[in-house]
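Starting off, we have a lone chain in the form predicted alone, written out as structure tokens.
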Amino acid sequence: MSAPALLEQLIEALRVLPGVGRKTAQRMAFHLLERQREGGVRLAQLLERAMAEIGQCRQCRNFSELEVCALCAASQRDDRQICVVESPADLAAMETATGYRGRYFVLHGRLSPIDGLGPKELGFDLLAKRLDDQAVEELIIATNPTVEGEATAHFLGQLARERGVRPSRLAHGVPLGGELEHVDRGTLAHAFGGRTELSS
């Protein structure tokens, strides 16, 4: 069988992106070839450079071109708090939506033995070293409220408590502006179980 045509290879290569099926990849390929050849060349060059030069920060594991990322190098951030997130996208969301000024740690996943993701792959040894070596008072666990995310949060909580660090968990439940009748049962049950006292 002969090798696929170059256009077919391009379409298949574009399908590596999340949420991109065959038709979308085909549309992208046709658009690049019909109207954006210069942009396509620039995209190819930047992709190649990014794949070669972007690695992980040695402290927080966020994406970085440098050994230590800008967030870890910033002296004005609070060393007493570390917020653990599942992905660099989660870190970006926290930075955009909150006034959090502490440090971060990026897992690049969540505990999932079926996917081959255990404590070693998620960098728990590096996090434990940071908790041992630094004056961290609080570990903020910001994993997603999935089965795997909750298991990861439980493991992280134990890791923190063993080192005398207070673990905390992001609140989950009814979204701000949401109406109870439109909230799914699981979210409502979780919110009800995690209710807090109303301060005066």
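When you see a residue number, it is the position in the sequence shown, counting from 1. Quantities reported herein were computed from a predicted structural model and do not represent experimental measurements. Superpose the two forms; the largest set of C-alphas matching within 1.5 Å is the rigid core.
The form predicted in complex with a further copy of the same chain is left out here; the points below concern that form.
Put simply, of Leu170, Val68, Leu33, Val147 only one has a heavy atom within 4.5 Å of a further copy of the same chain in the predicted complex, and it is Leu33. Note on contacts: among His154, Arg166, Arg58, Arg49, the single residue with a heavy atom within 4.5 Å of a further copy of the same chain in the predicted complex is Arg49. Contact check for Leu10, Leu14 and Ala44: all three have a heavy atom within 4.5 Å of a further copy of the same chain in the predicted complex.
Stretch-level contact analysis of 23-31, 155-163, 170-178, 138-146 against a further copy of the same chain in the predicted complex, using heavy atoms and a 4.5 Å limit, identifies 23-31. Among residues of the shown chain, Asp132 is not one whose heavy atoms approach a further copy of the same chain to within 4.5 Å in the predicted complex. In the predicted complex, Pro18 approaches a further copy of the same chain with a heavy atom inside 4.5 Å.
In the predicted complex, Pro119 stays away from a further copy of the same chain, with no heavy atom inside 4.5 Å. a further copy of the same chain is not shown here, but in the predicted complex it comes within 4.5 Å of a heavy atom of Pro88. When the rigid core is held fixed, the Cα atom of Ser64 travels less than 2 angstroms between this form and the one not shown. The rigid-core alignment places the CA of Ala153 less than 2 Å apart between this form and the one not shown.
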